[in-house]
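Below, in structure tokens: the form predicted alone, a single chain.
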């Protein structure tokens, strides 16, 4: 592990998480929870297998990641964040907000995974009908996506699960997905912008956050604001 050799909290923190791919591994584990090696490979397109193994060893040695052996029939190794690793959630959340303005430029060649939206959606989504019962909206697919549950004023965003039966599913163009959930794309214009909403569109409308009040504020910065949004996890 490279080190800056500086007696500074920022430098020492970067000694542990400043290498390429490390924070993206943290993103996967914060979003998905326990992950097998193959899960991390799917969520980190472009990483070499030997580099992923090296990063995981370094993170384990640093006390950020814990590995466990899954019982049969899985017979595989799984990785989770330790309490120290999970404490990076606030750092990652702030970095997502800081990087949000860069999302305005949609690079066609960039890879996209729907589950990457989980962390920002935990700040963006809200229950616009807090007196209504439980609904689940899926973004993406059961293999790569997230399930957004709105129930009596609370919102929970979790990895898509085959046992969950959503009332609506939203799939399609990545930039349009971001625009829809940041309030920049009206729901009525979603189909003409490359999105497919299968099911109850009213349920989708229920969980979409509004535009930010400040004209120069990035939409993803809504996660820093107060309000009724809850994600079922620590803020």
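Nothing here was measured: the structure is a model prediction, and the numbers come from that model. Numbering follows the first chain given and starts at 1.
Form predicted together with the DNA: not shown, discussed below.
Contact with the DNA in the predicted complex, defined as a heavy atom within 4.5 Å, holds for exactly one of 91, 142, 104, 76, namely 76.
Contact with the DNA in the predicted complex, defined as a heavy atom within 4.5 Å, holds for exactly one of 51, 189, 202, 196, namely 51.
Shown alone here, residue 55 lies within 4.5 Å of the DNA in the predicted complex, counting heavy atoms only. The closest non-hydrogen atom of residue 2 lies within 4.5 Å of the DNA in the predicted complex. Among heavy atoms of residue 15, none comes within 4.5 Å of the DNA in the predicted complex.
When contacts are defined as a non-hydrogen atom within 4.5 Å, all of 19, 37 and 67 contact the DNA in the predicted complex.
Stretch 43 to 51 is the answer when you ask which of 43 to 51, 180 to 188, 166 to 174, 26 to 34 has residues with heavy atoms within 4.5 Å of the DNA in the predicted complex.
With contact defined as any non-hydrogen atom lying within 4.5 angstroms of the DNA in the predicted complex, the stretch 153 to 188 contains no contacting residue.
Note on residue 52 and residue 73: their C-alpha atoms are nearer in the predicted complex, a change of at least 3 Å from this conformation. The gap between the Cα atoms of residue 53 and residue 73 is smaller in the predicted complex, by no less than 3 Å, than in this form.
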